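Given as structure tokens, the chain that follows is alone and in the form predicted on its own.
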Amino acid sequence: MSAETIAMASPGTEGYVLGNEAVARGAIESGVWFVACYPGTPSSEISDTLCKLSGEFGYEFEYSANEIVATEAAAGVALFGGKSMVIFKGAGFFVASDALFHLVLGRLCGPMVIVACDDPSMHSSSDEVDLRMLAQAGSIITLVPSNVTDAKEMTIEAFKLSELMRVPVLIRMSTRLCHQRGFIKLGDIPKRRDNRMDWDLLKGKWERFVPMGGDPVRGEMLKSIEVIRRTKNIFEDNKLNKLVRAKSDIGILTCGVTYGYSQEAIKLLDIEASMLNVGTIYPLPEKLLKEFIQELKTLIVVEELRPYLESYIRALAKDVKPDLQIFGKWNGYFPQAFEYDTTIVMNSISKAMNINVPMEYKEIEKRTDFVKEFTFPRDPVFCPGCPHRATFYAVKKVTKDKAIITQDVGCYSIGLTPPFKMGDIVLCMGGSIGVACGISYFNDRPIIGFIGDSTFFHAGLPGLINAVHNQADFTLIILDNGTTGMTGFQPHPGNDSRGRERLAKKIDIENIVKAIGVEDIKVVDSYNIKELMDATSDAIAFRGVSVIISRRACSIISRRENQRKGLKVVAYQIDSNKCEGCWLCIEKFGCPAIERDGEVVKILSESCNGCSVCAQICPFNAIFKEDTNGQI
């Protein structure tokens, strides 16, 4: 489905879309002026869809250097009267929070919607963030959709609410909803207009935004509290909260995707229960919650991640319904971590209600476990021809596992897995540099930090400035593959494109590193193993901060570009007469295009990227490639 359905302008038509695409459509129907993001799974399809359609619908789109820059840009538009949206994954909320927590103290002249996507079970994240808790801490009005239809409608409501309250509104998504498909009804799309801001016309509405402390900011804090009070009143009787009454003294309280799981669970268990799904998660509709529990004897709270709703309802029940029996995370009936599904919810409800489940799920799971015996665990691997593989191989050959390796966040984190197993610490984006700096004060062993090009622009610059200023001693290897690879090949400041074939000013990494004051800089071709090894040896010997820029385009992007040009990759081959079966190309290099068939090693021609690195490392010169005109 995708961008074509999102772009359809026929009101009343239904479209079958991803939850992320539903958010994008909601933004377009709201007449958004400006969208900024830092890409990150599970949010990527929202920003990628809006980027593709920005020319057609006349709004400005920006892939920003990081989440706080994206937030600041969106804030600038809203502060001056425009409609803006900022998008990132849950972990990006931490990066953006400095700006976000200040924005609630001001008075926007136009609406601003924040879309942030949690990742329960950490499918593509290093931790389980629960944005509901952070929203409460920052007093940020928050909506939580439960399905694809909600995702679109809540986006539209968020723009309206932000315009009414003159503060940002957060839409909190989660992985299953982001990537779930469902039907949405397409609404009207506003006509394109000239969105230039007229400062003279704005003066009457404008309130200077300078929360610098003292009496002025204390006054803004009181206004912020009043905004939350007014919003709570609006949320008390709001269509975004779904209440279904049943002839039962059992109630189920849900949030987000657990609403659907709970509906399925009580149907399978054949029990009657009233249900309240809370879509207006901050501020919570206190009056509605009180009325909901008033007639109940038993309440089951079904929510992923932290016991946010449960904590609130337990405090509320002490005054309203002290004899209410509550089952949730606090008393061990629901898991504390990871995402839920219908089976988990059903088993937890059956345990709370002391009833049998209708199926022997443990027996079914045993059968699936039996099937697993015929498979084998597989670590994530670098793609065939990935330039990062060559870099890790060369550095490992030089350091012989004697160096301390600080890693960063990106697809190059796969270097932590076999066959390289390179990485002692992964902290956060940009953390490889700061951590290496700290270690260098108290250690004489070689220290090598790895960071990708997009991550370097995102969070690496302050750390490198700090390291040079404080005369740290380590080597930083910047893996420059020309894209933000792990999240879907979005552009970054090191590219000459802003997305959708729009030209941009390319920021050269080498010039930045020089300007910061790094004296030892080498730019090497990631596919040249000898050059990489020599550069690594020299950098380790240098006293101070050394930087190696290992540069070669992402193999997936280069393969696509070759296909676009009609160029065919000629695979390397193995001369079985020369191969001695040392298995180095498999066991030490780990390219998935090379496989062992009994005692024979062969290269899969359909997978080989023609990078030549395997031929360079073969100690018996058994790997070769024939030159062919018109081919690579």
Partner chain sequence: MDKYEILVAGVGGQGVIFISNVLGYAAQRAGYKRVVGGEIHGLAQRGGSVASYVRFGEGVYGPIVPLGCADIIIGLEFMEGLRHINRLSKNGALVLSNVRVPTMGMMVNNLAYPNSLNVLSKLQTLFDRVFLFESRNTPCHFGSLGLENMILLGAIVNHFLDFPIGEEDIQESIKTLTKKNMVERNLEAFQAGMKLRPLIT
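All figures in this text were calculated on a predicted structure; none of them were measured in a lab. Residue numbers count along the first chain shown, from 1.
Only in words, not in the display: the form predicted in complex with the partner chain, which the text now covers.
What stretch, of 368 to 376, 316 to 324, 238 to 246, 438 to 446, brings heavy atoms to within 4.5 Å of the partner chain in the predicted bound form? That would be 368 to 376.
Counting non-hydrogen atoms within 4.5 angstroms of the partner chain in the predicted bound form, say which of Ala515, Ala137, Ile364, Ile225 makes the cut. Comparing distances to the partner chain in the predicted bound form, the residue within 4.5 Å is Ile364.
Would you mind picking the one in Lys160, Lys297, Arg230, His179 that has a heavy atom within 4.5 Å of the partner chain in the predicted bound form? The residue in contact is His179.
Looking in the predicted bound form, is the partner chain within 4.5 Å of a heavy atom from each of Tyr261, Gly485 and Gly590? Yes: Tyr261, Gly485 and Gly590 each sit within 4.5 Å of the partner chain in the predicted bound form.
Classify Thr254 as contacting or not contacting the partner chain in the predicted bound form by the rule of any non-hydrogen atom within 4.5 angstroms, answering yes or no. So Thr254 does not count as contacting the partner chain.
The partner chain contact in the predicted bound form: His123, any heavy atom under 4.5 Å: The answer is yes: His123 has a heavy atom within 4.5 Å of the partner chain.
Please determine whether Ile594 contacts the partner chain in the predicted bound form, using a 4.5 Å cut-off between heavy atoms. Ile594: contacts the partner chain in the predicted bound form.
Contact test in the predicted bound form: Glu286 vs the partner chain, heavy atoms, 4.5 Å: No.
Sequence order please: the residues of 220 to 252 with a heavy atom within 4.5 Å of the partner chain in the predicted bound form. If the 4.5 Å heavy-atom criterion is applied to the partner chain in the predicted bound form, 220 to 252 yields nothing.
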